[in-house]
Ligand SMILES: Cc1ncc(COP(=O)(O)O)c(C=O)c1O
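Only one chain is included here, represented as C-alpha cells and corresponding to the form predicted on its own.
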Amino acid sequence: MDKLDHTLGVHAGREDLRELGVHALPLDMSTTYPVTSLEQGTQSLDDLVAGHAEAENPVYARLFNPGVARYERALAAAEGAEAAVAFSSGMAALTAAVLATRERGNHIVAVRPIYGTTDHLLTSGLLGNEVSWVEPDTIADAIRPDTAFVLIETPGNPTLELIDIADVVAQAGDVPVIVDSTFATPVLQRPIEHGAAMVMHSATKFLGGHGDVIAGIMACSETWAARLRQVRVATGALLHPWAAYLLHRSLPTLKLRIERAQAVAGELARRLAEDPRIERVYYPGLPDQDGDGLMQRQMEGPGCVLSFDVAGGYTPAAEVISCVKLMTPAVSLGSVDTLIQHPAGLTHRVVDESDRNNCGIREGLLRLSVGLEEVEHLWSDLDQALAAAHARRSKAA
C-alpha cells in the first residue's frame, strides 16, 4: 500500500465525489432510513448485525452511517489496512477490542507506560478481563492459552518509549497484537506493516487535530473489523457523523501538521535538554534516546510530543503549568495549539502511584504536545514560566 503522502491524504475516501457531483464531503445526519421493502430492510438489518461493512439500507443510525464508513475507508488506506472501524471515543474502541477478542480468552498482556485510562480500564477488570503488565522483552513468557491479545503503545504515553513492534509480534506468536499509535499517526508509523493485527488511535488527537472532536478508530483486517462492528452495533458506540466529517476534513492537512509540529518539537526538546532547570527530557529524536534504532526501522520521525522532568519536582512543575501564557494548560494532545499538562495529576492520575513511579511518571514530569506556533514564541513562554517557577522555589527555600 502507498504511504500516507500528501496526495493520499487529500484524496482518500473522496474517490466518488466527482461521480456524485459534489466537491465537499457529503454529510448524512439521518437517524433512521425509510424501508421501502420489508425484505430489503430485514436483510440489511441482518447484514449489519453480522458485522458487514455495508448494507443496501442503513436502517438505523446506530448500525451504520455512510459518512462514517467513508472516513473509515480513508483511514484504512492511510494505515495500509483492509478496513477500519470508527467509534465514539478511543476508549470505546479499546472496549470493543476487549469484547471482540473475548472468544480467545479474557487475559491481556500489556506494556507500560500507556495512556492512563487504558491502564485503569485493564487493571480494574471492569470488562471481566485479567491483565499481566510486563516488559517488552518478556511478552513471550506472559502468553497463556487464554490470552486474548497483546497491547502496546509506541511511542508510549507520556514518556515516549519506543517498542519494537515486529519483535512483539514475533513473541506473541498467534496472539493478535494491538498497537496504540496515537502519538505517531500513520504519517510516522504504520504498525500493520510490522505485523500488528490492529492499530488503535484516539482520533481526538492528531487525526482530528483541532480540539473539537472526540473519536476512536481501529484499523485492521476485514475479519477483525467484522467482529468490531458486531460489538459496535450491540453497544451503540458508532462515531457520530458530524465527528466523522470533521475527521475526514482534517485528513488532508495531517501530514503538513505533523511535519510542522515535529520540527518545532525537536528544537524545543534540544533546548530543554541543555537547560539546567530541567532534569531530563523524553523525546525519541534526541541522540541518546533511540539506542535500538527504531526510528530508522519503524518510524518516519520522532513526533510532536515530548515530556520533561522539571528540577525540584512537583511544586515548580505545578508553577510552570500556572505560569504559561501562550501554551494552553490542558489534557489531550495533537491540536494546532500547544498543550501542556501534568500526567501524574491528570491523564495518569487513575494509575496507582507505585505503578506510575515504576514507569517514570514522577511528580515533576510535564508533557508537552507541540502545536503550530513559532518556535521562538513557544520557547519564550516556556523560558519565562520556568524562570518564574524557579524564582518562587528559590524564594521559598
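Since the structure is predicted, the reported quantities are computational estimates derived from the model, not experimental observations. A residue's number is simply how far along the shown sequence it sits, counting from 1.
There is also a form predicted in complex with the named molecule; it is not shown, and the following applies to it.
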query: Contact stretch among 68-76, 89-97, 233-241, 105-113 - heavy atom within 4.5 Å of the named molecule in the predicted bound form; finding: 89-97
query: Distance check, residue 185 to the named molecule in the predicted bound form, heavy atom within 4.5 Å; finding: no
query: Exercise: residue 229 in contact with the named molecule in the predicted bound form, heavy atom 4.5 Å; finding: no
query: Contact test in the predicted bound form: residue 189 vs the named molecule, heavy atoms, 4.5 Å; finding: no
query: Residue contact check: residue 205 to the named molecule in the predicted bound form, 4.5 Å heavy atom; finding: yes
query: The single option of 265, 150, 200, 197 touching the named molecule in the predicted bound form, heavy atom within 4.5 Å; finding: 200
query: Position in contact with the named molecule when the complex is considered in the predicted bound form, options 215, 165, 258, 281, heavy atoms within 4.5 Å; finding: 215
query: Contact test, all of 157, 180 and 333, partner the named molecule in the predicted bound form, heavy atom 4.5 Å; finding: yes
